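What follows is one chain in structure tokens, specifically the form predicted alone.
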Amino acid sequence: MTRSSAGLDLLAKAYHSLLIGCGASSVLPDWTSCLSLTWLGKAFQTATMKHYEVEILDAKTKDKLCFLDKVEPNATIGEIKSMFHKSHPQWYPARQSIRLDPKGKSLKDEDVLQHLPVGTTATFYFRDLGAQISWVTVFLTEYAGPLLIYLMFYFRVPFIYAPKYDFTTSKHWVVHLACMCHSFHYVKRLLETLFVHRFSHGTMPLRNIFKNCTYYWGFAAWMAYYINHPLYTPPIYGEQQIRLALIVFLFCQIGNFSIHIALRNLRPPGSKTRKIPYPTKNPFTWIFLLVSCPNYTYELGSWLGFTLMTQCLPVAAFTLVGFIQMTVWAKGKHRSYLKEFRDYPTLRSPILPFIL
């Protein structure tokens, strides 16, 4: 008989004697016995639950940074990060990458200690991710910039064009329409950031905001300069081209918003759960039958419409670069879906149905 089963048997006998002493029948019904033994088993397991010792080493130098004693088996990596932060205040949890191997992948905050391939003395490796900034702040900064920059060119504030054009307006109605579409797009993005998106990661490295803002702000200035230039010429096919482009743009903007709402509804507030997205009753979501990331598909369509509307080379360049970047993101997410869900629909492509 093992030590654990002997202890459990002793507790069971003591409990049975207690029941008899209280006037209960000496023969317990089967279901009562089962319940009693189950309860006792859990109580005994809790009483004899082992604790872990956790040591955290620097991933580069292998120096010991922290030693945590008597860590609960059900402690999560997120909780271990908080304990580590107490001894090293300069490394707040969002800045920490905790790994099983110095060159391995970061563990998730929700990973539980006792479910990891470690012994009772667990060794983790720490890497500093650098200063962090919230995704919400990044998105608001990225999107507010293009909105304001474009409007500066649209109103032709001084020092952009020749002084005689200061605060003048274009004679072409497509220029005003383009400003409305561009502004609508970025106001929509700002509102979605505040009220729609639910982020799986709370922060990103601070250095990324400079790279992202350079991309969005720079392209916005380049596009706005030529579209609002006093010498700008309208599209070659005139109103028909502009109206078609406007229909494409608005259709894709509605589609993009519909996909964002569908993705939001997949994730309960405050959770990081991931589910397979499927079409809803909204017809704009039916593209989920063929594409893993239709939000990028609709985003591409919006900028193709804007390119057609303005017939401007910088807009075409922005659309091309954005398409390349969104394809990289879509392929990564598509691979992640296939790896995580065995029943993931195989008919879907990352961004373009049957093509890419």
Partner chain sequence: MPSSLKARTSGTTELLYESFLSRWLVIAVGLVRAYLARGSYHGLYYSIEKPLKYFQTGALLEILHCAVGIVPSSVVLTGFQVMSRVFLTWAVTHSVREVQSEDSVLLFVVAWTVTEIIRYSFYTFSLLNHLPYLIKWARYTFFFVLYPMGVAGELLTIYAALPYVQKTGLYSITLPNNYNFSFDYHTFLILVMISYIPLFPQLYFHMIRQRKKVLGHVEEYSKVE
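Numbering follows the first chain given and starts at 1. Worth saying up front: this structure is predicted, and the values here are computed from it rather than measured.
One more form of this protein exists, namely the form predicted together with the partner chain; it is left out here, but the text below deals with it.
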With a 4.5 Å heavy atom cut-off, would you call residue 313 a contact of the partner chain in the model of the complex?
-> yes
Is there a non-hydrogen atom of residue 232 within 4.5 angstroms of a non-hydrogen atom of the partner chain in the model of the complex?
-> yes
Could you confirm whether residue 222 comes within 4.5 Å of the partner chain in the model of the complex, counting heavy atoms only?
-> yes
With the cut-off set at 4.5 Å between non-hydrogen atoms, does residue 236 touch the partner chain in the model of the complex?
-> yes
Identify, from the list 154, 257, 91, 226, the residue with a heavy atom within 4.5 Å of the partner chain in the model of the complex.
-> 226
Heavy atoms within 4.5 Å of the partner chain in the model of the complex: which stretch among 65 to 73, 305 to 313, 287 to 295, 321 to 329?
-> 305 to 313
